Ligand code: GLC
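Shown here is one chain on its own, the form predicted alone, set out as structure tokens.
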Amino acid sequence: MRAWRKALSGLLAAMMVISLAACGSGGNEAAPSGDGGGAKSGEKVKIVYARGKDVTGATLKIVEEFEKRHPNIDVEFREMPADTGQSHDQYVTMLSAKSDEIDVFDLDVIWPAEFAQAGYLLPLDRFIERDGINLDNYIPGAVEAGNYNGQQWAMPKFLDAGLLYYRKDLVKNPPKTWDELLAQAKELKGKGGTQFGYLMQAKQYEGLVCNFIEFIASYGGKVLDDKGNVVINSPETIKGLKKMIEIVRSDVVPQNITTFTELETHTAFIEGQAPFTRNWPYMYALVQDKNQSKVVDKVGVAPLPAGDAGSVATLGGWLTGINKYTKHPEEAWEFVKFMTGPEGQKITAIYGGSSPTYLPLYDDPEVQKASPLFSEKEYVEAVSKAVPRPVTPVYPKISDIIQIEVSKALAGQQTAEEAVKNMEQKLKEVLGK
């Protein structure tokens, strides 16, 4: 299968701790007509590309390589705040005023539906069809995250996915199911200097939603169906939530697990406090950092444990879209196609340490050298199965509902059945269904 290799950049780790998916060459194909604008033949055009802070230098390398292939297009890189919430709000302010000051911008995987419904994005389907972009070459969940109401609004750029980290010096065979995880965690707790058996993110914040999605989806549960209908109240969802409650309220996790975000999770794990933990790819660099990790060369990665329906990881990461109000849609598409295609994603993987969404790149020797994870069969399998959170323009409200009701269930204030019923009622109110 595919592979992955060299430690994820520590800089990437710093970027993704908070919580943290295009093909085509960079050729100068004829651009589709319409959508207003585009340069006259031989005229040089400047487009503005916006994304959050990039301390790796990968973005500047992409711009440099793109401009070499497209001498008629200059790309100005506009750096947005590192805080994704602040970036989101600035984009909304800008685009709600129909501003054309940026042409291309990156979107968190939970933004495309919101931005598409608001009319901020240019649909990409005709560009994709014209240039023969094969979306089957991309991780399905990443493509799905950019699709809303049957149209593709953003191209996958790079991704995150939930992983199971384990201590190779303690674990002979990583658990395949949640029940196996619980059994091994109980057996290994206290061995090899550990204090706990399992670590995860259970605080009332977005990370809790990611963990919840993984539990219920591994048993076949969903929040919304493909048509946006609320289907959360099902035996499968209840079973998945019950398993989550069982683990959170067991003695294998810290008593204060409901205060754990990614930060608390990775801090405890690199100090050698547990044989297992659920976290994002960024943590791989931290466990190999000899200056702070007590488990260097002792850690392996595996797909998250399976329920009745298999192993499921929640998708995180970034996509790229085009401002609907751009005066240069043709040139903007050329840049999007390059950056999210094999050439651009290769640069992002090598210089930025980010996981590609373009699957053939995992066979590229240079990409394999970029991170040890890129040579891990288990990691490729895990991210390939990653699923997005509910694709809806009102996702922030849905997230709040899930956080509150799941937190109550984890605290023993309501049963799994009650939590699911409450979520169903509130989600239907928000969605008007």
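Numbers for residues come from their place in the sequence shown, where the first is 1. The structure presented is a predicted model; accordingly, all values stated were derived computationally and were not measured.
Another form exists, predicted together with the named molecule; not displayed. Remarks below refer to it.
- Contact segment among 207-215, 98-106, 129-137, 321-329, judged by heavy atoms lying within 4.5 Å of the named molecule in the predicted bound form: So the stretch in question is 207-215.
- Task: Quick one: from 353, 317, 240, 275, grab the residue that has a heavy atom within 4.5 Å of the named molecule in the predicted bound form.
- Result: So the residue touching the named molecule in the predicted bound form, by this definition, is 317.
- Message: Going by heavy atom distances of 4.5 angstroms or less, which of 165, 358, 280, 338 would be at the interface with the named molecule in the predicted bound form?
- Response: Filtering the options by heavy-atom distance leaves 280.
- Proximity of residue 160 to the named molecule in the predicted bound form, heavy atoms at 4.5 Å: Flag for residue 160 set to yes.
- Message: Does any part of residue 143 reach within 4.5 Å of the named molecule in the predicted bound form? Heavy atoms only, please.
- Response: No, residue 143 stays farther than 4.5 Å from the named molecule in the predicted bound form.
- Message: When the contact criterion is heavy atoms within 4.5 Å, does residue 110 count as touching the named molecule in the predicted bound form?
- Response: Heavy-atom contact with the named molecule at 4.5 Å: present for residue 110.
- Task: Answer for residue 389 alone: is it within 4.5 Å of the named molecule in the predicted bound form, judged on heavy atom distances?
- Result: Within the cut-off, so yes.
- Counting only non-hydrogen atoms and a 4.5 Å cut-off, give the residues of 73-87 close to the named molecule in the predicted bound form. Only 84 sits within 4.5 Å of the partner.
- Direction of the Cα shift between residue 145 and residue 214 in the predicted bound form, where the change is 3 Å or more: More distant in the predicted bound form, by 3 Å or more.
- Task: Looking in the predicted bound form, decide if the C-alpha atoms of residue 88 and residue 403 are closer or farther than in the form shown; they differ by 3 Å or more.
- Result: It is closer: the C-alpha separation of residue 88 and residue 403 falls by at least 3 Å in the predicted bound form.
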